[in-house]
Structure formats: C-alpha cells, structure tokens
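Shown next as structure tokens: one chain only, the form predicted alone.
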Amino acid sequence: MLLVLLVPPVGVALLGAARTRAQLNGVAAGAAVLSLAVVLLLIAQVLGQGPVAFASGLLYVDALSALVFLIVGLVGFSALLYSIDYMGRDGSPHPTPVPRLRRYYAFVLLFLLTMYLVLEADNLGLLWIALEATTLVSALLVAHYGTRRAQEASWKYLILCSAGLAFALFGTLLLYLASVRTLGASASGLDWTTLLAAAPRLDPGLVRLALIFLFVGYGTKAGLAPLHTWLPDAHSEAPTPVSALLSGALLNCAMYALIRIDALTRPLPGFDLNSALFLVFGLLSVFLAALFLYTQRDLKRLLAYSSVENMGIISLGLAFGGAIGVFGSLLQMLNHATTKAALFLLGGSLAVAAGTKDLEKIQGTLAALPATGLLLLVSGLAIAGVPPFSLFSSEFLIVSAGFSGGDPVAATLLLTALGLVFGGLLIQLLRVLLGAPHHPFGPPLRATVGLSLAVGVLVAFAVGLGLVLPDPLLLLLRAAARVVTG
C-alpha cells in the first residue's frame, strides 16, 4: 500500500535530476512499468488475504478498491508509455522542449498519485481531499498547451468540479453529523468501515440529505448529465494521453466514491433514494450523450460524449441493483476504461497523421493507415457494444438486471438509448474509416515497442474480456460486487 503511493513521487524526484529527453523518457517508462507491477502485487495481496489496512485504518484497500486500482494502473501504464512518442509529435513539427516535457511527466505522475490516494482512503474526509487534489493537478494538464481554448477548458473544469466538490464536502459533514449522533465524537467517525458497521443505526433523514449533496458533488466529477458540461471541453483540449486518463481513470475514481456511498446507504431500512438518483441521472446521461454523438465534429469531443453515456450505463446498473446489476456495472467500468483509453490513444495517432481532429476532414483511414484504421474499427465496434466485444457482455448483464429486477420500463429505455448510441457511433466511425481522404495523411507516430504495448494492452482487454473472464479477474469482480451488495 505504501509502495504504490511512493512510486509517483520518487519518479518526480528522478525527473528533476534528469537533464536530457532520453533520461526523462526513461524515467517515465520505468515509473509506468513499476507502478503497474506494484498495483498488480497489491491486487494479488487483496485476493489472497482479503482487505488490507495501514496507519490505524486511515488507508484501506478491499476488493472494490483493488478493481479500480487495476483500471487506473492499466490506463496510467498505457498513457505514460504512449506519451514517450506522442509528446514529440502532438501537433508541432518540433519536439516538446525538455523543461516542458519534465513538467508534463511530473504532473502525470502526481495525477496518478492523487487517484491512488482516492482508492486507499478509508476516511471519507481524506477521500474528498484526494478527489479535490485530482482536480487541481489534472486542470494543469488540461491547460498544458497554453492556448486560449485550453486555458478556458481548464478554468471551466476547475470551477465546475470544485463547485461540485463543495457540495460533496457539505454532504460529508452531514454524514459526520449522523455518525456523531449515533457513535459519539470519534476520530473514526468518517471511516467508511466504521460507518458501514453502524449504517442501520444512522439517522435516515440526515443520511438522505447527505446523499443528495454527495451525489451532486461526486456526480459532477463523474461526468453525469446535466453536470457533465466540463467534460467535452477538457477532453478535447488536453493532450491525448491525459484525455485517456481523464476518461478511463478519473471518471471511474469519482464513480468509485459514489459506489462507496451507495454501499453505505444500502443497509438502511427502506432506503431507496440512491437507486432513484442513479436511475434518473443514468437515463439522462445516456439519452443526452446519444443525441450529441450525432452532431459532433471533433474526434475527442465525440469520445468525451461516449464517456458520459457509459457513466450513465454504470449508474443504471447500480440503480437496477442485485448481484447481476452491480457485477455488470463493475465490469462495465473496466471494459469502458480500457476500450475508451485505447480509442483516445488511437485517435491521437490519427490526429497527428491527419493534422486535424475535425471529423469532416478525416476520411479514408483504413486505406491510408491500415493498422491504425483496423484497431480503430475494432475499438469503435467494442465501445458501441457490438458482440463479441467486452462492453456487450457488461451491457447485456445490466439490461438483464433491469428486466429481472422489476424495472422493465427503465430497461427498455436503456435499450432504446443504446440503439441510438450504436447508430451515432457507427455513422461517425464509417465516416472516418471509409471514403477518400481530403488530403494526404502525414507520417503517423512511429510504432515503437512502447507505443505498441500501450495500445495493444488496452485493445487486448477490449477484445479478450468479451470472450473470457480469467479466473483471477472473475474472483476480483465477484469480491468487489460483494463489497457493494453486502
């Protein structure tokens, strides 16, 4: 648990000592590999001996934390490796200057550190602090290019998410008040494990009020409509590896916070407000994103709205509840993170070769860049939920949970929205892949070992998890679902 928190700051210190581009890239590659290795060791420890705690329970990792650790670790690994080649060709004919590259890598590692801290925080106050820290660090990454649009997107992201997290802070204080009334003043009054044990005895009125504020706050960070307005701008203006981290890792960290709150309120007798909130915000997110997919002309904004849709699908699985709904939502988190991160990285390579993100100007990718086009086709079909790819299996489970859980109307609405999403994504995908290019493509990013590994790992998950769930991953998903359902 400590080592996974130590790798990023040690990497930042080594970046400070590095003097050449090759040294900076070496530190980034080493941090990527070591960070993922430690995350996998931590997951193995949780699978082998159950939840682990440190510092008198201040830090705590169970199966739910471990699952999101896997997501953040995989996306962080790929984003760092991809950055080695991408940051020299991100829309500029000249490589990124060494001081700027050092600053970029340092902020990416600090971003990973803040997300790791979110996942290790047992105390809900520390969880809030860590999520606020993710906002501050990632806002600097969104503004990396320093253009007017990037700065505007960064400020919009910072203001909206900070305002949302102010609501979450008030909800956290209300939850502490409910804890004090039941358990008395205690340093552990905001510990999730303590609150979970005392949940049936908490004041339902205070918990309901706290839940509304927490849902608005963390829902803003998770990109749930109508609180999502920061998301398309931030994803569009950030460097491509950062967009992959925002969509694949950060949104899931915010959803993880909502799931923690959901698990806490489930034991309360007659308590169904959380399901209603997940249902309303989930349906709104899916339908709004489905409609906006048809009108997008920027490649990264298209992928951003797809992320809003998938956060809505995850919310609906939690709303439907039951073992199938929760399991499907957790599997959807993993499937979406790996597939969407792969799409962002492939889209970045395509934008470098085409010299633009404008979908009206990108055509004929399959003919001009066969390898990139084929991987884009596979990943695009996967994100659209086409069988046998990974998202089909998790979406099938969530829809099944809706019909079997007594909410056929919402399940039917979800199916309708998924049909709209499929049509929108297919139209946009075919426009990019087929036809004759408006102008010759430039040279793509070099297919180095690092770049190939970064994209290949993610695409392998997008394809492979639709065919088979390896036993360790299945055990982890089941254990994570039990944390939520009890």
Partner chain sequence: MTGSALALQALDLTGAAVLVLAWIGLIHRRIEPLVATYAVQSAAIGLTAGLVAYLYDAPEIYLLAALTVAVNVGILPAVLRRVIRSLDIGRTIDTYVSVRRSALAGLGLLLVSVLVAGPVAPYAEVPSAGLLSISVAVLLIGFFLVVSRRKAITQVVGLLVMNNGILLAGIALTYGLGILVELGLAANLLVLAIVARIFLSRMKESFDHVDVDALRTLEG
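Numbering follows the first chain given and starts at 1. Here the structure is a predicted model, which means the values were calculated and not measured.
Not pictured, yet referred to below: the form predicted together with the partner chain.
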* is_contact(L195, the partner chain) in the model of the complex, heavy atom dist at most 4.5 Å -> no
* Asked: Do Y104 and the partner chain come within 4.5 Å of each other in the model of the complex, heavy atoms counted?
  -> no
* Taking 4.5 angstroms as the cut-off for heavy atoms, does F287 touch the partner chain in the model of the complex? -> no
* Asked: Is S188 one of the residues lying within 4.5 Å of the partner chain in the model of the complex, judged by heavy atom distances?
  -> no
* **Heavy atom contact within 4.5 Å of the partner chain in the model of the complex, the stretch among 251-259, 128-136, 314-322, 369-377** => 128-136
* Structure fact -> The listed residue (F396, F403, W155, Y294) that reaches within 4.5 Å of the partner chain in the model of the complex by any heavy atom is W155
* Asked: Which one of L227, A121, L112, L303 is close to the partner chain in the model of the complex, taking close to mean a heavy atom within 4.5 Å?
  -> L227
* Asked: What are the residues of 169-185, in order along the chain, with a heavy atom within 4.5 Å of the partner chain in the model of the complex?
  -> L169, F170, L173, L174, Y176, L177, R181
